[in-house]
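Here you get one chain, nothing else, as C-alpha coordinates; it is the form predicted on its own.
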(Lines give C-alpha, C1' and ligand atoms only; values in the text may rest on other atoms or scores of the structure.)
Protein backbone atom coordinates (compact mmCIF):
# COMPACT_ATOMS: atom_id res chain seq x y z
CA UNK A 1 0.00 0.00 0.00
CA UNK A 2 1.05 3.65 -0.45
CA UNK A 3 2.09 5.94 2.40
CA UNK A 4 -0.77 8.43 1.97
CA UNK A 5 -1.19 8.84 5.73
CA UNK A 6 2.35 8.13 6.91
CA UNK A 7 2.93 9.58 10.40
CA UNK A 8 -0.62 10.95 10.60
CA UNK A 9 -2.94 10.19 13.48
CA UNK A 10 -6.66 9.43 13.39
CA UNK A 11 -9.47 8.32 15.65
CA UNK A 12 -12.20 6.10 14.24
CA UNK A 13 -15.07 5.66 16.67
CA UNK A 14 -17.01 2.42 16.58
CA UNK A 15 -14.13 0.67 14.86
CA UNK A 16 -14.22 -2.85 16.27
CA UNK A 17 -16.34 -4.12 13.36
CA UNK A 18 -18.16 -3.21 10.16
CA UNK A 19 -17.58 0.15 8.49
CA UNK A 20 -15.43 1.48 11.32
CA UNK A 21 -13.12 -1.52 11.21
CA UNK A 22 -12.74 -1.14 7.44
CA UNK A 23 -11.98 2.57 7.74
CA UNK A 24 -9.36 1.88 10.40
CA UNK A 25 -7.81 -0.80 8.19
CA UNK A 26 -7.71 1.58 5.23
CA UNK A 27 -5.83 4.18 7.28
CA UNK A 28 -3.47 1.68 8.89
CA UNK A 29 -2.51 0.22 5.52
CA UNK A 30 -1.45 3.68 4.43
CA UNK A 31 0.82 4.38 7.38
CA UNK A 32 -1.43 6.04 9.93
CA UNK A 33 -1.57 5.63 13.69
CA UNK A 34 -5.21 4.92 14.47
CA UNK A 35 -7.24 5.04 17.65
CA UNK A 36 -9.47 1.93 17.65
CA UNK A 37 -12.61 2.52 19.71
CA UNK A 38 -15.19 0.19 21.19
CA UNK A 39 -17.38 -0.17 24.27
CA UNK A 40 -15.32 -2.86 26.01
CA UNK A 41 -11.64 -3.50 26.57
CA UNK A 42 -12.05 -7.04 25.25
CA UNK A 43 -13.68 -5.94 22.02
CA UNK A 44 -11.06 -3.29 21.38
CA UNK A 45 -8.23 -5.73 22.07
CA UNK A 46 -9.69 -8.25 19.60
CA UNK A 47 -10.07 -5.56 16.94
CA UNK A 48 -6.50 -4.38 17.37
CA UNK A 49 -5.21 -7.96 17.22
CA UNK A 50 -7.20 -8.54 14.03
CA UNK A 51 -5.49 -5.58 12.38
CA UNK A 52 -2.21 -7.48 11.98
CA UNK A 53 0.36 -6.66 10.66
CA UNK A 54 -0.51 -3.11 11.74
CA UNK A 55 -1.02 -3.89 15.41
CA UNK A 56 1.80 -1.54 16.44
CA UNK A 57 0.00 1.40 14.85
CA UNK A 58 -3.23 0.79 16.81
CA UNK A 59 -4.08 2.69 19.95
CA UNK A 60 -6.89 1.06 21.98
CA UNK A 61 -9.66 3.38 23.16
CA UNK A 62 -12.55 2.18 25.29
CA UNK A 63 -15.61 4.34 25.93
CA UNK A 64 -19.34 3.80 26.26
CA UNK A 65 -21.11 6.49 24.28
CA UNK A 66 -24.36 6.02 26.16
CA UNK A 67 -22.63 8.76 28.17
CA UNK A 68 -21.85 11.14 25.27
CA UNK A 69 -19.31 13.21 27.21
CA UNK A 70 -17.01 10.18 27.19
CA UNK A 71 -16.40 10.86 23.49
CA UNK A 72 -14.54 14.06 24.37
CA UNK A 73 -12.54 12.22 27.00
CA UNK A 74 -11.61 9.62 24.37
CA UNK A 75 -10.20 12.33 22.10
CA UNK A 76 -8.16 13.82 24.93
CA UNK A 77 -6.80 10.38 25.87
CA UNK A 78 -5.67 9.66 22.33
CA UNK A 79 -3.93 13.01 21.91
CA UNK A 80 -2.17 12.56 25.25
CA UNK A 81 -0.75 9.31 23.86
CA UNK A 82 0.31 10.40 20.38
CA UNK A 83 0.68 14.17 20.59
CA UNK A 84 -1.68 15.37 17.86
CA UNK A 85 -4.85 14.57 15.94
CA UNK A 86 -4.98 14.84 12.16
CA UNK A 87 -8.43 13.40 11.66
CA UNK A 88 -11.56 12.16 13.39
CA UNK A 89 -14.12 9.74 11.96
CA UNK A 90 -17.38 9.75 13.89
CA UNK A 91 -18.65 6.31 12.96
CA UNK A 92 -20.12 5.00 16.22
CA UNK A 93 -23.87 4.60 15.91
CA UNK A 94 -26.76 2.23 15.61
CA UNK A 95 -30.40 1.76 16.30
CA UNK A 96 -33.43 -0.47 16.00
CA UNK A 97 -36.39 -0.16 13.70
CA UNK A 98 -39.16 0.94 16.04
CA UNK A 99 -42.46 2.45 14.91
CA UNK A 100 -42.80 6.06 16.02
CA UNK A 101 -45.96 5.28 18.00
CA UNK A 102 -43.95 2.78 20.04
CA UNK A 103 -41.00 5.03 20.86
CA UNK A 104 -40.40 6.00 24.46
CA UNK A 105 -38.58 9.16 25.56
CA UNK A 106 -35.74 7.02 26.86
CA UNK A 107 -35.33 5.21 23.53
CA UNK A 108 -35.29 8.55 21.73
CA UNK A 109 -32.61 9.94 24.04
CA UNK A 110 -30.52 6.77 23.80
CA UNK A 111 -30.54 6.90 20.00
CA UNK A 112 -29.56 10.57 19.99
CA UNK A 113 -26.81 10.03 22.58
CA UNK A 114 -25.15 7.37 20.44
CA UNK A 115 -25.67 8.77 16.96
CA UNK A 116 -25.50 12.53 17.44
CA UNK A 117 -24.43 13.73 20.87
CA UNK A 118 -21.30 11.58 21.11
CA UNK A 119 -20.24 12.76 17.64
CA UNK A 120 -20.87 16.37 18.66
CA UNK A 121 -18.70 16.19 21.76
CA UNK A 122 -15.93 14.26 19.99
CA UNK A 123 -15.99 16.82 17.16
CA UNK A 124 -15.98 19.74 19.59
CA UNK A 125 -12.88 18.40 21.35
CA UNK A 126 -11.16 17.57 18.06
CA UNK A 127 -11.99 21.00 16.67
CA UNK A 128 -10.40 22.72 19.65
CA UNK A 129 -7.22 20.67 19.25
CA UNK A 130 -7.07 21.10 15.49
CA UNK A 131 -7.39 24.88 15.79
CA UNK A 132 -4.09 24.97 17.68
CA UNK A 133 -2.54 22.80 14.96
CA UNK A 134 -3.89 24.92 12.11
CA UNK A 135 -5.24 21.90 10.24
CA UNK A 136 -7.41 18.81 10.52
CA UNK A 137 -10.26 16.86 9.01
CA UNK A 138 -13.46 15.45 10.49
CA UNK A 139 -15.70 12.96 8.71
CA UNK A 140 -19.09 12.08 10.13
CA UNK A 141 -20.77 8.84 9.09
CA UNK A 142 -24.39 9.78 8.51
CA UNK A 143 -26.89 7.58 6.68
CA UNK A 144 -29.26 7.48 3.75
CA UNK A 145 -31.94 7.75 6.45
CA UNK A 146 -30.80 11.30 7.20
CA UNK A 147 -32.15 12.58 3.90
CA UNK A 148 -35.76 11.49 4.03
CA UNK A 149 -38.19 9.32 5.96
CA UNK A 150 -36.67 6.68 8.19
CA UNK A 151 -38.13 3.87 6.14
CA UNK A 152 -35.90 1.15 7.52
CA UNK A 153 -34.53 2.41 10.83
CA UNK A 154 -37.27 4.55 12.37
CA UNK A 155 -37.83 8.22 13.11
CA UNK A 156 -35.39 8.46 16.02
CA UNK A 157 -32.45 7.14 13.99
CA UNK A 158 -33.34 9.23 10.93
CA UNK A 159 -33.70 12.39 13.02
CA UNK A 160 -30.39 11.81 14.79
CA UNK A 161 -28.56 11.26 11.51
CA UNK A 162 -30.24 14.32 9.99
CA UNK A 163 -28.91 16.25 12.97
CA UNK A 164 -25.45 14.88 12.23
CA UNK A 165 -25.65 16.20 8.67
CA UNK A 166 -26.67 19.62 9.98
CA UNK A 167 -23.85 19.54 12.53
CA UNK A 168 -21.41 18.66 9.74
CA UNK A 169 -22.36 21.70 7.68
CA UNK A 170 -22.53 24.11 10.63
CA UNK A 171 -19.11 23.09 11.93
CA UNK A 172 -17.64 23.12 8.41
CA UNK A 173 -18.71 26.74 8.03
CA UNK A 174 -17.22 27.76 11.37
CA UNK A 175 -14.01 25.75 11.11
CA UNK A 176 -13.01 26.56 7.52
CA UNK A 177 -11.07 29.69 8.46
CA UNK A 178 -8.83 27.54 10.65
CA UNK A 179 -8.03 25.14 7.77
CA UNK A 180 -10.21 22.44 9.32
CA UNK A 181 -12.49 20.55 6.96
CA UNK A 182 -15.69 18.79 8.01
CA UNK A 183 -17.59 16.45 5.71
CA UNK A 184 -19.98 13.54 5.94
CA UNK A 185 -20.54 10.23 4.20
CA UNK A 186 -24.07 8.83 3.95
CA UNK A 187 -23.93 5.08 3.32
CA UNK A 188 -26.86 3.02 2.17
CA UNK A 189 -27.04 -0.70 2.94
CA UNK A 190 -23.68 -2.28 3.78
CA UNK A 191 -22.69 -5.91 4.25
CA UNK A 192 -22.26 -6.04 8.03
CA UNK A 193 -23.64 -8.20 10.83
CA UNK A 194 -26.54 -5.75 11.04
CA UNK A 195 -27.69 -6.55 7.50
CA UNK A 196 -26.94 -10.27 7.65
CA UNK A 197 -30.60 -10.89 8.51
CA UNK A 198 -31.76 -9.67 5.10
CA UNK A 199 -33.01 -12.51 2.91
CA UNK A 200 -32.30 -12.56 -0.85
CA UNK A 201 -35.90 -11.51 -1.44
CA UNK A 202 -35.56 -8.59 0.97
CA UNK A 203 -32.35 -7.48 -0.75
CA UNK A 204 -34.01 -7.47 -4.14
CA UNK A 205 -36.94 -5.58 -2.66
CA UNK A 206 -34.67 -2.73 -1.60
CA UNK A 207 -34.36 -1.77 -5.26
CA UNK A 208 -30.71 -0.68 -5.08
CA UNK A 209 -29.80 0.48 -8.62
CA UNK A 210 -26.38 -1.20 -8.50
CA UNK A 211 -28.12 -4.40 -7.43
CA UNK A 212 -26.19 -5.24 -4.28
CA UNK A 213 -25.18 -4.06 -0.84
CA UNK A 214 -21.90 -2.23 -0.35
CA UNK A 215 -18.84 -3.88 1.09
CA UNK A 216 -17.43 -2.04 4.13
CA UNK A 217 -14.23 -1.22 2.27
CA UNK A 218 -16.31 0.59 -0.36
CA UNK A 219 -17.29 3.06 2.36
CA UNK A 220 -13.75 3.25 3.71
CA UNK A 221 -12.34 4.52 0.42
CA UNK A 222 -14.55 7.63 0.24
CA UNK A 223 -13.91 8.32 3.93
CA UNK A 224 -10.18 8.08 3.28
CA UNK A 225 -10.50 10.52 0.40
CA UNK A 226 -12.25 13.07 2.62
CA UNK A 227 -9.52 12.72 5.25
CA UNK A 228 -6.70 13.10 2.74
CA UNK A 229 -5.03 16.07 1.07
CA UNK A 230 -6.69 14.94 -2.16
CA UNK A 231 -9.86 16.62 -0.84
CA UNK A 232 -8.10 19.71 0.47
CA UNK A 233 -10.69 22.01 -1.13
CA UNK A 234 -13.75 20.03 -0.01
CA UNK A 235 -15.70 20.95 3.10
CA UNK A 236 -19.33 20.95 4.18
CA UNK A 237 -20.16 18.18 1.72
CA UNK A 238 -22.26 15.05 2.19
CA UNK A 239 -21.16 12.20 -0.03
CA UNK A 240 -23.79 9.57 -0.77
CA UNK A 241 -22.31 6.07 -1.03
CA UNK A 242 -25.42 3.98 -1.49
CA UNK A 243 -25.33 2.24 -4.86
CA UNK A 244 -27.68 4.84 -6.31
CA UNK A 245 -30.45 4.29 -3.80
CA UNK A 246 -30.52 8.02 -3.08
CA UNK A 247 -31.86 8.62 -6.61
CA UNK A 248 -35.02 6.73 -5.77
CA UNK A 249 -35.98 9.16 -3.01
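Everything numeric in this text was worked out from a predicted model, so none of it was measured. Residue numbers count along the first chain shown, from 1.
Absent from the display: the form predicted in complex with nicotinamide-adenine-dinucleotide. The rest refers to it.
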query: Answer range among 92-100, 78-86, 171-179, 128-136 for contact with nicotinamide-adenine-dinucleotide, defined in the predicted bound form as heavy atoms within 4.5 Å; finding: 92-100
query: Output flag, 111, 163 and 183 jointly within 4.5 Å of nicotinamide-adenine-dinucleotide in the predicted bound form, heavy atom basis; finding: no
query: 4.5 angstroms heavy atom contact with nicotinamide-adenine-dinucleotide in the predicted bound form for residue 17; finding: yes
query: 4.5 Å heavy atom contact, residue 35 to nicotinamide-adenine-dinucleotide in the predicted bound form; finding: no
query: Exercise: residue 65 in contact with nicotinamide-adenine-dinucleotide in the predicted bound form, heavy atom 4.5 Å; finding: yes
query: In the predicted bound form, residue 39 touching nicotinamide-adenine-dinucleotide (heavy atom, 4.5 Å); finding: yes
query: Members of 176-204 lying within 4.5 angstroms of nicotinamide-adenine-dinucleotide, judged by heavy atom, in the predicted bound form; finding: 187, 188, 189, 190, 192, 193, 194, 195
